[in-house]
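Only one chain is included here, represented as C-alpha coordinates and corresponding to the form predicted alone.
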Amino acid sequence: MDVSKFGEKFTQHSGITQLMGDLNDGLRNPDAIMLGGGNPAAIPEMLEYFKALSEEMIADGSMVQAMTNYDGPQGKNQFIESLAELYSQTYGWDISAENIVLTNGSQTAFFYLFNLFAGKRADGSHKKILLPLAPEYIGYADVGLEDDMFVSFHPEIELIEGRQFKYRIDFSSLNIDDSIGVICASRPTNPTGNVLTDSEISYLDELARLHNIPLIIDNAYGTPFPNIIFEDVKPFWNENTILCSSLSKLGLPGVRCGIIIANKEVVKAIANLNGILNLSPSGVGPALGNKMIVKNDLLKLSDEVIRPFYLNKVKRTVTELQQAIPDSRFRIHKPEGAIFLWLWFKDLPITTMELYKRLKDRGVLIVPGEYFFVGMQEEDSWAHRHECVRMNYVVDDNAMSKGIKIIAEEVEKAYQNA
(Lines give C-alpha, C1' and ligand atoms only; values in the text may rest on other atoms or scores of the structure.)
Protein backbone atom coordinates (compact mmCIF):
# COMPACT_ATOMS: atom_id res chain seq x y z
CA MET A 1 0.00 0.00 0.00
CA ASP A 2 1.47 3.32 -1.10
CA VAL A 3 0.69 5.82 1.67
CA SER A 4 1.70 9.30 2.78
CA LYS A 5 4.15 10.09 5.58
CA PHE A 6 1.08 10.55 7.77
CA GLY A 7 -0.01 7.05 6.81
CA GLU A 8 3.43 5.60 7.48
CA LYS A 9 3.54 7.11 10.96
CA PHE A 10 0.02 6.30 12.13
CA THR A 11 -0.30 2.80 10.69
CA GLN A 12 2.88 1.41 12.25
CA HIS A 13 3.00 -0.77 15.35
CA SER A 14 2.92 1.15 18.63
CA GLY A 15 2.76 0.43 22.31
CA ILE A 16 -0.72 1.89 22.73
CA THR A 17 -2.21 -0.17 19.88
CA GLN A 18 -0.62 -3.31 21.32
CA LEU A 19 -2.09 -2.48 24.71
CA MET A 20 -5.59 -1.85 23.33
CA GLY A 21 -5.38 -4.97 21.14
CA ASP A 22 -4.49 -7.04 24.19
CA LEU A 23 -7.37 -5.44 26.04
CA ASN A 24 -9.83 -6.32 23.28
CA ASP A 25 -8.51 -9.89 22.96
CA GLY A 26 -8.63 -10.35 26.70
CA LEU A 27 -12.21 -9.20 26.95
CA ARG A 28 -13.16 -11.94 24.47
CA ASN A 29 -11.11 -14.58 26.29
CA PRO A 30 -12.74 -15.53 29.60
CA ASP A 31 -9.55 -17.26 30.77
CA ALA A 32 -7.24 -14.27 30.26
CA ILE A 33 -6.07 -12.41 33.37
CA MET A 34 -6.24 -8.77 32.35
CA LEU A 35 -3.52 -6.93 34.26
CA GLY A 36 -2.43 -4.82 31.31
CA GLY A 37 -5.10 -2.45 29.99
CA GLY A 38 -6.49 0.70 31.53
CA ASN A 39 -10.12 -0.36 31.72
CA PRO A 40 -11.54 0.88 35.02
CA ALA A 41 -12.88 -1.56 37.56
CA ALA A 42 -16.43 -2.85 37.24
CA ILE A 43 -17.50 -1.43 40.62
CA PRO A 44 -20.92 -2.95 41.37
CA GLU A 45 -22.33 0.23 42.93
CA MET A 46 -21.27 2.28 39.92
CA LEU A 47 -22.65 -0.21 37.40
CA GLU A 48 -26.01 -0.14 39.17
CA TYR A 49 -25.90 3.64 39.32
CA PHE A 50 -25.19 4.01 35.58
CA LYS A 51 -27.94 1.54 34.75
CA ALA A 52 -30.48 3.44 36.84
CA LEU A 53 -29.31 6.81 35.52
CA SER A 54 -29.55 5.63 31.90
CA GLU A 55 -33.07 4.35 32.50
CA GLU A 56 -34.04 7.66 34.08
CA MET A 57 -32.61 9.60 31.13
CA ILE A 58 -34.37 7.38 28.61
CA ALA A 59 -37.62 7.97 30.48
CA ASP A 60 -37.24 11.77 30.55
CA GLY A 61 -36.05 11.94 26.93
CA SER A 62 -32.60 13.44 27.65
CA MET A 63 -30.71 10.34 26.49
CA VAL A 64 -32.53 10.23 23.14
CA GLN A 65 -31.98 13.97 22.76
CA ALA A 66 -28.23 13.50 23.31
CA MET A 67 -28.06 10.67 20.79
CA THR A 68 -30.05 12.37 18.03
CA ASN A 69 -28.57 15.89 17.93
CA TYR A 70 -25.23 17.51 17.27
CA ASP A 71 -23.74 19.76 19.90
CA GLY A 72 -21.51 22.71 19.07
CA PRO A 73 -17.76 22.17 18.52
CA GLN A 74 -17.04 23.21 22.11
CA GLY A 75 -19.29 20.44 23.41
CA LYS A 76 -22.61 20.16 25.23
CA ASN A 77 -23.44 23.56 26.74
CA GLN A 78 -25.29 22.28 29.80
CA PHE A 79 -22.43 20.06 30.89
CA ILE A 80 -19.79 22.73 30.30
CA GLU A 81 -21.77 25.27 32.32
CA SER A 82 -22.33 22.77 35.13
CA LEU A 83 -18.63 21.89 35.17
CA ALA A 84 -17.56 25.53 35.32
CA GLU A 85 -19.85 26.12 38.28
CA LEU A 86 -18.63 22.93 39.95
CA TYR A 87 -14.94 23.87 39.67
CA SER A 88 -15.65 27.45 40.71
CA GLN A 89 -17.56 26.36 43.82
CA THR A 90 -15.21 23.50 44.74
CA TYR A 91 -11.88 25.31 44.31
CA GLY A 92 -12.73 28.97 44.00
CA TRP A 93 -11.23 29.12 40.52
CA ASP A 94 -12.18 32.09 38.36
CA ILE A 95 -13.48 30.09 35.41
CA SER A 96 -16.55 30.15 33.21
CA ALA A 97 -17.95 28.04 30.40
CA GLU A 98 -15.53 29.85 28.07
CA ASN A 99 -12.66 28.05 29.85
CA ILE A 100 -13.89 24.51 29.08
CA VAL A 101 -13.99 22.46 25.89
CA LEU A 102 -14.85 18.79 25.39
CA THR A 103 -13.20 16.22 23.13
CA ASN A 104 -13.89 12.64 22.08
CA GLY A 105 -11.77 11.21 24.86
CA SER A 106 -8.47 12.32 26.40
CA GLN A 107 -6.40 10.69 23.66
CA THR A 108 -7.96 13.09 21.17
CA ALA A 109 -7.32 15.96 23.56
CA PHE A 110 -3.60 15.18 23.69
CA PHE A 111 -3.41 14.75 19.92
CA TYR A 112 -4.80 18.28 19.61
CA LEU A 113 -2.69 19.84 22.36
CA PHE A 114 0.65 18.25 21.53
CA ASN A 115 0.41 19.15 17.84
CA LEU A 116 -0.85 22.63 18.70
CA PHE A 117 2.16 23.49 20.86
CA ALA A 118 4.92 21.25 19.46
CA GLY A 119 6.25 20.42 16.01
CA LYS A 120 7.48 22.55 13.13
CA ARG A 121 6.80 26.31 13.23
CA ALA A 122 6.33 28.71 10.32
CA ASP A 123 9.83 30.07 10.92
CA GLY A 124 11.31 26.60 10.45
CA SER A 125 11.99 25.98 14.14
CA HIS A 126 10.89 22.75 15.80
CA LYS A 127 9.31 22.66 19.27
CA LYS A 128 9.20 19.67 21.61
CA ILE A 129 7.12 18.47 24.56
CA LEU A 130 8.97 18.26 27.86
CA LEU A 131 7.94 15.34 30.07
CA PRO A 132 9.64 16.28 33.36
CA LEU A 133 9.14 12.87 34.97
CA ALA A 134 9.73 9.65 33.04
CA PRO A 135 8.23 7.06 32.91
CA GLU A 136 5.05 8.63 31.55
CA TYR A 137 1.80 7.62 29.87
CA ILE A 138 2.24 5.19 26.96
CA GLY A 139 -0.47 6.94 24.94
CA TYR A 140 1.54 10.14 24.56
CA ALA A 141 4.32 8.52 22.55
CA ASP A 142 2.75 8.28 19.11
CA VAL A 143 0.27 11.17 18.86
CA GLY A 144 2.72 13.66 17.38
CA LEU A 145 2.33 14.39 13.67
CA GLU A 146 6.11 14.61 13.44
CA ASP A 147 8.97 12.56 14.82
CA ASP A 148 11.20 13.64 17.68
CA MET A 149 8.42 15.39 19.58
CA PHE A 150 9.38 14.53 23.15
CA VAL A 151 12.22 15.01 25.57
CA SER A 152 12.46 13.56 29.07
CA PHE A 153 15.06 12.99 31.76
CA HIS A 154 15.95 10.36 34.34
CA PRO A 155 14.00 10.78 37.58
CA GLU A 156 15.49 10.69 41.03
CA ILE A 157 14.65 7.38 42.75
CA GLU A 158 13.90 7.48 46.45
CA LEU A 159 13.98 4.07 48.14
CA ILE A 160 11.22 3.62 50.73
CA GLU A 161 10.80 1.04 53.47
CA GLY A 162 8.64 -1.98 52.77
CA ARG A 163 10.41 -2.58 49.43
CA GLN A 164 8.80 0.46 47.83
CA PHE A 165 10.27 3.43 45.99
CA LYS A 166 9.18 6.78 44.57
CA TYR A 167 10.19 8.80 41.52
CA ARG A 168 10.85 12.52 41.95
CA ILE A 169 11.58 15.13 39.32
CA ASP A 170 15.29 15.85 39.03
CA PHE A 171 14.98 19.60 38.51
CA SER A 172 18.76 19.96 38.25
CA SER A 173 18.62 17.99 34.98
CA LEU A 174 15.68 19.77 33.36
CA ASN A 175 16.95 21.75 30.40
CA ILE A 176 14.30 24.15 29.12
CA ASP A 177 15.45 26.13 26.12
CA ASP A 178 13.81 27.59 23.02
CA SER A 179 13.20 24.08 21.66
CA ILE A 180 10.53 23.34 24.30
CA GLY A 181 6.98 24.31 23.36
CA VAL A 182 5.03 22.86 26.29
CA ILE A 183 5.50 20.98 29.57
CA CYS A 184 3.24 17.99 30.30
CA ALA A 185 2.85 15.74 33.34
CA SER A 186 0.17 13.32 34.51
CA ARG A 187 -1.02 13.59 38.13
CA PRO A 188 -1.54 10.89 39.37
CA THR A 189 0.97 9.43 36.96
CA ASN A 190 0.12 6.65 34.59
CA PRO A 191 1.94 4.17 34.75
CA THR A 192 3.51 4.49 38.21
CA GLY A 193 0.78 5.80 40.49
CA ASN A 194 3.11 8.66 41.44
CA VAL A 195 1.57 11.96 42.52
CA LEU A 196 3.62 15.08 41.93
CA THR A 197 3.82 17.10 45.13
CA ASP A 198 2.35 20.59 45.43
CA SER A 199 5.87 22.02 45.42
CA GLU A 200 6.81 20.09 42.26
CA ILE A 201 3.69 21.36 40.47
CA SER A 202 4.30 24.91 41.69
CA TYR A 203 7.87 24.84 40.41
CA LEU A 204 6.80 23.44 37.03
CA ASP A 205 4.29 26.28 36.80
CA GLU A 206 7.04 28.81 37.55
CA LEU A 207 9.26 27.29 34.87
CA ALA A 208 6.43 27.28 32.32
CA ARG A 209 5.57 30.93 32.92
CA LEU A 210 9.23 31.92 32.96
CA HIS A 211 9.67 30.42 29.48
CA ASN A 212 6.24 31.59 28.26
CA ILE A 213 5.00 28.08 27.52
CA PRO A 214 1.91 26.27 28.84
CA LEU A 215 1.86 23.58 31.53
CA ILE A 216 -0.42 20.63 30.75
CA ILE A 217 -1.59 18.53 33.71
CA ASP A 218 -3.20 15.20 32.84
CA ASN A 219 -5.79 14.81 35.60
CA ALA A 220 -7.50 11.64 34.30
CA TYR A 221 -7.41 9.98 37.74
CA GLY A 222 -7.33 13.07 39.94
CA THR A 223 -9.62 15.36 41.87
CA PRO A 224 -12.42 16.24 42.06
CA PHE A 225 -13.47 13.25 39.94
CA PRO A 226 -12.89 10.32 39.74
CA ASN A 227 -10.68 11.10 42.77
CA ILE A 228 -8.48 8.01 42.49
CA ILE A 229 -5.78 9.80 44.41
CA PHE A 230 -4.51 8.77 47.83
CA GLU A 231 -2.28 11.74 48.73
CA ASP A 232 -3.33 15.01 50.33
CA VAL A 233 -2.47 17.44 47.54
CA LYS A 234 -4.13 20.57 46.17
CA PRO A 235 -5.65 20.67 42.68
CA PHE A 236 -3.91 23.23 40.46
CA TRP A 237 -5.03 25.52 37.66
CA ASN A 238 -4.37 29.00 36.36
CA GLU A 239 -4.55 30.83 33.02
CA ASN A 240 -1.26 29.27 31.89
CA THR A 241 -2.28 25.74 32.91
CA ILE A 242 -4.18 23.33 30.69
CA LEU A 243 -5.96 20.80 32.92
CA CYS A 244 -7.19 17.63 31.21
CA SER A 245 -9.79 15.29 32.70
CA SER A 246 -12.28 12.72 31.43
CA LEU A 247 -15.26 10.59 32.38
CA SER A 248 -13.44 7.31 31.62
CA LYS A 249 -12.16 6.44 35.08
CA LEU A 250 -15.53 7.15 36.64
CA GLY A 251 -16.38 3.90 34.89
CA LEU A 252 -17.51 5.37 31.55
CA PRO A 253 -14.64 4.76 29.08
CA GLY A 254 -17.07 3.85 26.31
CA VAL A 255 -18.65 7.32 26.12
CA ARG A 256 -15.27 8.88 25.11
CA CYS A 257 -15.54 12.23 26.87
CA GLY A 258 -12.40 14.29 27.42
CA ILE A 259 -12.46 17.62 29.26
CA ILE A 260 -9.98 20.48 28.78
CA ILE A 261 -9.86 23.46 31.15
CA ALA A 262 -7.70 26.26 29.78
CA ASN A 263 -7.62 29.93 28.90
CA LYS A 264 -10.15 31.17 26.37
CA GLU A 265 -7.65 31.28 23.49
CA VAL A 266 -6.76 27.60 23.90
CA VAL A 267 -10.42 26.62 24.29
CA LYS A 268 -11.31 28.42 21.06
CA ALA A 269 -8.46 26.70 19.23
CA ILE A 270 -9.54 23.24 20.42
CA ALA A 271 -13.15 23.97 19.51
CA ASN A 272 -12.03 24.87 15.98
CA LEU A 273 -10.08 21.60 15.77
CA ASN A 274 -13.20 19.74 16.93
CA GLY A 275 -15.29 21.38 14.23
CA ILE A 276 -12.84 20.48 11.48
CA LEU A 277 -12.02 16.92 12.58
CA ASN A 278 -15.19 15.76 14.40
CA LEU A 279 -17.89 18.38 13.73
CA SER A 280 -18.69 18.12 17.44
CA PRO A 281 -17.79 15.92 20.43
CA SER A 282 -20.09 13.10 21.46
CA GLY A 283 -23.05 14.24 23.52
CA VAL A 284 -23.94 11.03 25.39
CA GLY A 285 -21.14 11.21 27.97
CA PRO A 286 -21.70 14.91 28.69
CA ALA A 287 -25.43 14.30 29.08
CA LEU A 288 -24.70 11.61 31.68
CA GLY A 289 -22.11 13.79 33.39
CA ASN A 290 -24.43 16.79 33.51
CA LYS A 291 -27.17 14.71 35.09
CA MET A 292 -24.70 13.48 37.72
CA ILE A 293 -23.76 17.06 38.59
CA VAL A 294 -27.38 18.20 38.74
CA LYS A 295 -28.18 15.32 41.10
CA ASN A 296 -25.09 16.16 43.25
CA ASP A 297 -23.80 12.64 42.62
CA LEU A 298 -20.55 13.24 40.72
CA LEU A 299 -18.35 14.27 43.65
CA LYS A 300 -20.26 12.20 46.17
CA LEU A 301 -19.74 8.95 44.27
CA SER A 302 -16.10 9.83 43.57
CA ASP A 303 -15.42 10.41 47.26
CA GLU A 304 -17.58 7.72 48.82
CA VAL A 305 -17.52 4.84 46.30
CA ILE A 306 -14.74 5.13 43.72
CA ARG A 307 -11.80 6.29 45.84
CA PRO A 308 -12.43 3.83 48.74
CA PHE A 309 -12.83 0.94 46.28
CA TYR A 310 -9.45 1.54 44.64
CA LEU A 311 -7.70 2.30 47.90
CA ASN A 312 -8.82 -1.00 49.38
CA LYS A 313 -7.89 -2.88 46.19
CA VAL A 314 -4.41 -1.41 45.97
CA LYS A 315 -3.59 -2.15 49.61
CA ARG A 316 -4.64 -5.76 49.17
CA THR A 317 -2.70 -6.16 45.92
CA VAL A 318 0.52 -4.63 47.28
CA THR A 319 0.42 -6.99 50.27
CA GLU A 320 -0.18 -9.99 48.04
CA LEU A 321 2.64 -9.04 45.67
CA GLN A 322 5.12 -8.55 48.49
CA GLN A 323 4.22 -11.95 49.93
CA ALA A 324 4.40 -13.72 46.56
CA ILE A 325 7.73 -12.18 45.52
CA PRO A 326 10.02 -12.04 48.58
CA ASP A 327 13.16 -11.32 46.52
CA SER A 328 14.91 -8.21 47.88
CA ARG A 329 15.48 -6.97 44.30
CA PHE A 330 11.73 -6.51 43.84
CA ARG A 331 10.17 -3.13 44.68
CA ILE A 332 6.81 -1.46 44.04
CA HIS A 333 6.43 2.22 43.31
CA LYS A 334 4.55 3.82 46.20
CA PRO A 335 0.89 3.71 45.10
CA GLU A 336 -0.36 7.27 45.45
CA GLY A 337 -3.16 7.17 42.88
CA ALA A 338 -4.41 5.89 39.50
CA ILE A 339 -5.32 2.25 38.82
CA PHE A 340 -1.87 0.74 38.20
CA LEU A 341 1.09 -0.64 40.08
CA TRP A 342 4.61 -0.16 38.76
CA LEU A 343 6.81 -3.14 39.54
CA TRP A 344 10.62 -2.91 39.54
CA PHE A 345 12.67 -6.11 39.21
CA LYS A 346 16.20 -4.83 39.74
CA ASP A 347 18.89 -6.67 37.76
CA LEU A 348 16.27 -8.68 35.88
CA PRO A 349 18.31 -10.79 33.43
CA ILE A 350 15.69 -10.53 30.69
CA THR A 351 13.93 -7.47 29.29
CA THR A 352 10.39 -6.80 30.41
CA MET A 353 9.37 -7.24 26.78
CA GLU A 354 10.52 -10.85 27.07
CA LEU A 355 8.78 -11.14 30.44
CA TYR A 356 5.60 -9.79 28.82
CA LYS A 357 5.77 -12.51 26.15
CA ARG A 358 6.29 -15.28 28.69
CA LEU A 359 3.40 -14.06 30.81
CA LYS A 360 1.13 -13.66 27.78
CA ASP A 361 1.85 -17.29 26.85
CA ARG A 362 0.45 -18.20 30.26
CA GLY A 363 -2.64 -16.02 29.87
CA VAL A 364 -1.50 -13.05 31.98
CA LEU A 365 -1.39 -9.66 30.29
CA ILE A 366 0.82 -6.88 31.68
CA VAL A 367 2.57 -4.00 29.86
CA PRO A 368 6.36 -3.99 29.44
CA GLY A 369 8.04 -0.95 30.92
CA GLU A 370 10.11 -0.07 27.86
CA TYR A 371 7.14 1.70 26.27
CA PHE A 372 6.77 4.26 29.06
CA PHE A 373 10.13 6.02 28.87
CA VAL A 374 8.89 8.44 26.24
CA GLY A 375 11.38 11.05 25.06
CA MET A 376 14.55 9.35 26.27
CA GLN A 377 17.22 8.79 23.68
CA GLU A 378 17.14 5.30 22.17
CA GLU A 379 20.84 4.93 22.87
CA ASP A 380 20.22 5.55 26.57
CA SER A 381 21.63 2.46 28.27
CA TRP A 382 19.82 2.97 31.59
CA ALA A 383 19.04 -0.60 32.69
CA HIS A 384 16.09 0.55 34.81
CA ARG A 385 14.05 1.07 31.62
CA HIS A 386 14.08 -2.69 31.05
CA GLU A 387 13.38 -3.78 34.63
CA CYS A 388 9.85 -2.40 35.21
CA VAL A 389 6.33 -3.44 34.23
CA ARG A 390 2.91 -1.90 34.63
CA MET A 391 -0.01 -3.92 35.94
CA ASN A 392 -3.48 -2.78 36.86
CA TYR A 393 -5.08 -3.96 40.07
CA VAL A 394 -8.75 -3.74 39.10
CA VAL A 395 -9.61 -7.36 38.30
CA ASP A 396 -11.47 -9.51 40.81
CA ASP A 397 -9.51 -10.91 43.73
CA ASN A 398 -9.35 -14.51 42.47
CA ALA A 399 -8.00 -13.51 39.06
CA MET A 400 -5.54 -11.15 40.75
CA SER A 401 -4.20 -13.93 42.98
CA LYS A 402 -3.75 -16.26 39.98
CA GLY A 403 -2.02 -13.55 37.99
CA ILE A 404 0.35 -12.62 40.81
CA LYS A 405 1.27 -16.28 41.30
CA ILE A 406 2.19 -16.63 37.62
CA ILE A 407 4.18 -13.38 37.64
CA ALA A 408 6.09 -14.57 40.70
CA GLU A 409 6.88 -17.89 39.03
CA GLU A 410 8.14 -16.33 35.79
CA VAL A 411 10.27 -13.74 37.57
CA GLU A 412 11.80 -16.41 39.81
CA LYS A 413 12.61 -18.54 36.73
CA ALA A 414 14.27 -15.56 35.05
CA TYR A 415 16.47 -14.83 38.06
CA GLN A 416 17.38 -18.50 38.60
CA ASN A 417 18.27 -19.12 34.94
CA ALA A 418 20.54 -16.10 34.68
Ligand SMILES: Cc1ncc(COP(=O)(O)O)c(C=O)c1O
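In this text, residue numbers run from 1 along the sequence as written. Since this is a predicted model, take the numbers as computed values, not measurements.
As for the form predicted together with this ligand, it is not shown, yet the points below apply to it.
The chain is drawn here without this ligand; in the model of the complex, the stretch among 112-120, 183-191, 276-284, 160-168 whose residues come within 4.5 Å of it by any heavy atom is 183-191. Think of it this way: in the model of the complex, this ligand has a heavy atom of just one of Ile213, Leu348, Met292, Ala220 within 4.5 Å, and the residue is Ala220. None of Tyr310, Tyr87, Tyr137, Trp342 but one reaches within 4.5 angstroms of this ligand in the model of the complex through a heavy atom, and that residue is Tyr137. Remark: none of the three candidate residues (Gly36, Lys357 and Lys360) comes within 4.5 Å of this ligand in the model of the complex, counting heavy atoms only. Using a 4.5 angstroms limit between non-hydrogen atoms, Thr197 is distant from this ligand in the model of the complex. Interface residue remark: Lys249 is counted as part of the site for this ligand in the model of the complex, having a heavy atom within 4.5 Å.
In the model of the complex, at least one heavy atom of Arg256 sits within 4.5 Å of this ligand.
The closest heavy atom approach of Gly105 to this ligand in the model of the complex falls within 4.5 Å.
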